[in-house]
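Shown next as structure tokens: one chain only, the form predicted on its own.
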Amino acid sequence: MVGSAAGRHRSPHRGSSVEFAEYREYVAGDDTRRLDWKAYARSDRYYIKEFEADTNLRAYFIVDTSGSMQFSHGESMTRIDYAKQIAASLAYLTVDQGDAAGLSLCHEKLHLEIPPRRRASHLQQIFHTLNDIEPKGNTGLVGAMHDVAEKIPQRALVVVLSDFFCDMEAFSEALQHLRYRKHDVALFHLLDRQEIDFHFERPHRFVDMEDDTSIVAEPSLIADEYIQAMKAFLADIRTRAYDTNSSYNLITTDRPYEDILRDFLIDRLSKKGGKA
């Protein structure tokens, strides 16, 4: 990622930092100030020195704080608590390696932003802000994604943590906006296992946690239709992520979050050739 301060990870861009990368033969138009005259004396050929451009990563975490993020079933962690753990852990790793972390919290009436910085005191501000989250109301996710796309001037890693219960066309436009601005996008789709499996044995009252509307239903009568709708929903989001070259991570909140972090970081390292 492109930044203005040296972090501990490598950038694929060549530059003029102090760490040498490799030699290559001089071609017309190269900056002659970068010629290595010692190499010329040894080989009687002109070579240019190239260096690794060590730049800092900017990671921005968008956390959906709408009412539905408070959902949990049984002993599973709520979506919002899971999102807090993921965001806090990744923010810590980001700042610990000398890079910058920022945060955006969003529901329909709140859009709180903490700009990316790399100081330890800034990390504490992120932790305190995450700890004080009280999910409520409808989601403001789409607006937050557009705001981040516009406000971050340089390419960044944008991590979005949500259940993605929002208008899919509007979400897709926000996703395309982030990618148009050259940001690297990672989606963490947080769902409870019960929402996917839909194992209910008796009539239930199902309540919308964002607008408090409710409906009483016999699960056995709607289970097949519900499961098909859920599969279509997941396939739709996965396709939209694929079409924009965004990372998509479906997560059930009964999984240890440490496993999710490990898998995510290993996947990023493998895709970047071992470079964080």
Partner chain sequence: MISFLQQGVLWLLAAAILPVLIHLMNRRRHRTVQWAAMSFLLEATRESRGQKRLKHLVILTCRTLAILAIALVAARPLIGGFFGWNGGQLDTVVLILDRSVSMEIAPEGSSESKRLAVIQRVKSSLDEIGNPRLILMDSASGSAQDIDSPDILEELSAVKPTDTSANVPDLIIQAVDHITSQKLGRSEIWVASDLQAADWKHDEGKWASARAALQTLPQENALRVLALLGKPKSNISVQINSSRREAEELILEIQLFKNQGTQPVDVILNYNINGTSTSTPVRMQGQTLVRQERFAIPADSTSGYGYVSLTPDANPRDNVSYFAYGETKDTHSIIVSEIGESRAALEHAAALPGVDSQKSTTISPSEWLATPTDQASLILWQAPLPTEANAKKLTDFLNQGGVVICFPATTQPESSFQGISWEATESSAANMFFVVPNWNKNDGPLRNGLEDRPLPIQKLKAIRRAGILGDGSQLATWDDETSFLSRKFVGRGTLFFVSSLPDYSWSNLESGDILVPLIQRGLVAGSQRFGSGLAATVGSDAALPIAGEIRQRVDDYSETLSSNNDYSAGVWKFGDRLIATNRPYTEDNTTVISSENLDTFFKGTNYTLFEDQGSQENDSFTQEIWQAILVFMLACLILEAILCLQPKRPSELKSAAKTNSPSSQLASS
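Numbering follows the first chain given and starts at 1. All values reported here derive from a predicted model rather than from experimental measurement.
One more form of this protein, predicted together with the partner chain, exists but is not displayed; see below.
Proximity to the partner chain in the predicted bound form, taken as heavy atoms within 4.5 Å, picks out 186 to 194 from the listed stretches 125 to 133, 100 to 108, 152 to 160, 186 to 194. Interface membership of Val216, defined by any non-hydrogen atom within 4.5 Å of the partner chain in the predicted bound form, is confirmed. Although the partner is absent from this view, Tyr92 stays clear of the partner chain in the predicted bound form, with no non-hydrogen atom inside 4.5 angstroms. Interface residue remark: Phe71 is counted as part of the site for the partner chain in the predicted bound form, having a heavy atom within 4.5 Å. When the partner chain is considered in the predicted bound form, Asn249 lines it closely, a heavy atom lying within 4.5 Å. Between the partner chain and the residues Ser43, Ser220, Thr32, Asn245, the one pair within 4.5 Å by heavy atoms in the predicted bound form involves Ser220. Taking the partner chain as it sits in the predicted bound form, the stretch 220 to 237 comes within 4.5 angstroms of it through a non-hydrogen atom at Ser220, Leu221, Ile222, Ala223, Asp224, Glu225, Tyr226, Ile227, Gln228, Ala229, Met230, Lys231, Phe233, Leu234, Ala235.
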